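The chain that follows stands alone, in the form predicted alone, written as structure tokens.
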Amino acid sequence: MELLANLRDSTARRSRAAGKLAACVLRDPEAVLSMTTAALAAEVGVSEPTVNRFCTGLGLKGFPDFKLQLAAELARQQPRVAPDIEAGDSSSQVIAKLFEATRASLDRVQAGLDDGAVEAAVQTLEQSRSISLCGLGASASVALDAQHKLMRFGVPATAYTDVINQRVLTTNIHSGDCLLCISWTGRTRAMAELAELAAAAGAAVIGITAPGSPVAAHCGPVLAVEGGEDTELFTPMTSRLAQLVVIDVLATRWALLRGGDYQAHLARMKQVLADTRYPAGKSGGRS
């Protein structure tokens, strides 16, 4: 039984002093963490040996051990949105911690990204007649970003971000088509099955995922993305940014591979898009 649940248990047989100590801890467990044995004894009105007997009665070695157990339990209960972010962090602390975590994540992904795999992936994209980009959850937004970037190369590029359409997709792709699977953990069952079905249909399958994972097992070139973020416990943050950078690497290398022809194509595209924007320095408002 958890420590706090034990203290709340009304059926537990406790002395009057132990009951007072339990009530004190339950009122403000955070405050108890900063107390000495003498301070807690004075707060409740009991002796220091009584505090130690209270702790050993709970199966612990004494008050220091009690505080360790209590701190660990409170930490497990603390809602957190990202590793190392604490409930009481200020804006400046959140900024510093998230930027530091992002830089560290990108460094890890860069160190593990094989240039040979990148080159093989770009060659696959160049030779494909269509590109399907698939991601689920936080990776879905990365698939949409990849669509935005890769459709500029003149090859049909479409993002699929729900399981049903992804499964239907596998009945329509064949040899000469490319599927790009995006999965941080590489353990999403639907994504692994999608990669397997696409490979069985003869399509080339590229993975932006964890190496050695179930998804990676069905991919040709695997662009490794292991940045240390546990997205099962925390809201995905740095993982998504790392995936976006890998997409940028692919798009940039592909553009370089295309050379001058792509630059001319990009210039025509810019001209087509020019009429969708107000000239620089204009507000667009009416007087």
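Please read these numbers as outputs of a predicted model, since none were measured by experiment. Heads up, when I say rigid core I mean the largest set of C-alphas that superpose within 1.5 Å between the two forms. Just count from 1 along the sequence shown to find any residue number.
From this point on, the text means the form predicted in complex with the DNA, which you will not see here.
### Task
Counting only non-hydrogen atoms, choose the one of 215-223, 52-60, 249-257, 22-30 that falls within 4.5 Å of the DNA in the model of the complex.
Of the options, only 52-60 has residues within 4.5 Å of the partner.
#### Entry: Contact flag, residue 38 vs the DNA in the model of the complex, heavy atom cut 4.5 Å
Residue-level check for residue 38: yes, a contact with the DNA.
### Message
Within 4.5 Å, heavy atoms only: does residue 46 come near the DNA in the model of the complex?
### Response
Contact check for residue 46: yes, within 4.5 Å of the DNA in the model of the complex.
### Message
Taking any heavy atom pair closer than or equal to 4.5 Å as contact, tell me whether residue 12 reaches the DNA in the model of the complex.
### Response
Result no; residue 12 lies far from the DNA in the model of the complex.
### Query
Does at least one non-hydrogen atom of residue 277 fall within 4.5 angstroms of the DNA in the model of the complex?
Contact check for residue 277: no, nothing within 4.5 Å of the DNA in the model of the complex.
### Query
After superposition on the rigid core, does the Cα atom of residue 252 shift by at least 2 Å between this form and the one not shown?
No; residue 252 is a residue whose C-alpha shifts by less than 2 Å between this form and the one not shown when the cores are overlaid.
### Task
Note yes or no: does the Cα of residue 219 move by 2 Å or more between this form and the one not shown after the core is superposed?
No, the C-alpha position differs by under 2 Å between this form and the one not shown.
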